[in-house]
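Taking the form predicted alone, here's one chain by itself in structure tokens.
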């Protein structure tokens, strides 16, 4: 699923509300039939939801492997297997596992942030502005990895400023304006909607 909208529409805030980082003033968040409203972020993670924040938010002086390890439970009997899955998805990180996170490129740092989120074995992965600070080629590489994650049975909710690519790679899209869902539907239908093309894809009618 994709969540698109202009800067300030509330995309990042919505994801933070789901994760319990921001408390909503009203309403509720329901996941798998249960409310997440009163939960703290670590409890949301225990519900099999994980989050890749905008800007990655890595620990720059820690190594790649140490950063990734932060996403796994403190007591983890299958830690090696979890690392193996991340390194299979992002082989470059295995080669750079002892490097400080601050020495990586923006794209490699994004891979670390995704790998860290995957260490909790989520069923739902929230992605906030994957394209932030990435070259178009690196963004496509990261999107390819996200597609593999989805093929492995993980649901994806992606808030993305690059509306065109978000529509192209998702099954369903929600359009957020001023904190409200204004449109929703199959991405393949919305990408051809004149209102979406004019407002978000730069198509002049």
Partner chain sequence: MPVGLTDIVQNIVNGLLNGGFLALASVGLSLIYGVQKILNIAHGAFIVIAAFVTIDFSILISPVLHLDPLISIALDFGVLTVFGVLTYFGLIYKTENKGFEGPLLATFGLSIFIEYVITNGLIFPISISPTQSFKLVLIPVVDPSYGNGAIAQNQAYSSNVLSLGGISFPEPQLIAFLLAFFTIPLLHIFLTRTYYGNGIRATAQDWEAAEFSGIDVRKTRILSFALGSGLAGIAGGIYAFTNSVFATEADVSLLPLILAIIILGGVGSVIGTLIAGLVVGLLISGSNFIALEVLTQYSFPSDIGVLLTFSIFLIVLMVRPSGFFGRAVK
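Numbering follows the first chain given and starts at 1. Given the structure is predicted, the values throughout are model-derived calculations rather than measurements.
Heads up, the form predicted together with the partner chain isn't pictured, but that's what we're talking about next.
Stretch-level contact check against the partner chain in the model of the complex with heavy atoms at 4.5 Å: of 104-112, 129-137, 73-81, 90-98, the positive one is 73-81.
Against the partner chain in the model of the complex, the set 151, 174 and 186 makes no contact: no member has a heavy atom within 4.5 Å. Between the options 169, 142, 156, 45, the residue in contact with the partner chain in the model of the complex by a heavy atom within 4.5 angstroms is 45.
In the model of the complex, residue 69 approaches the partner chain with a heavy atom inside 4.5 Å.
Taking the partner from elsewhere, residue 21 is found to have a heavy atom lying within 4.5 Å of the partner chain in the model of the complex.
Within 4.5 Å of some heavy atom of the partner chain in the model of the complex lies at least one heavy atom of residue 41.
Proximity of residue 179 to the partner chain in the model of the complex: non-hydrogen atoms within 4.5 Å are absent; the residue sits far from the partner. In the model of the complex, 116 is the single residue of 90-118 with at least one heavy atom within 4.5 Å of the partner chain.
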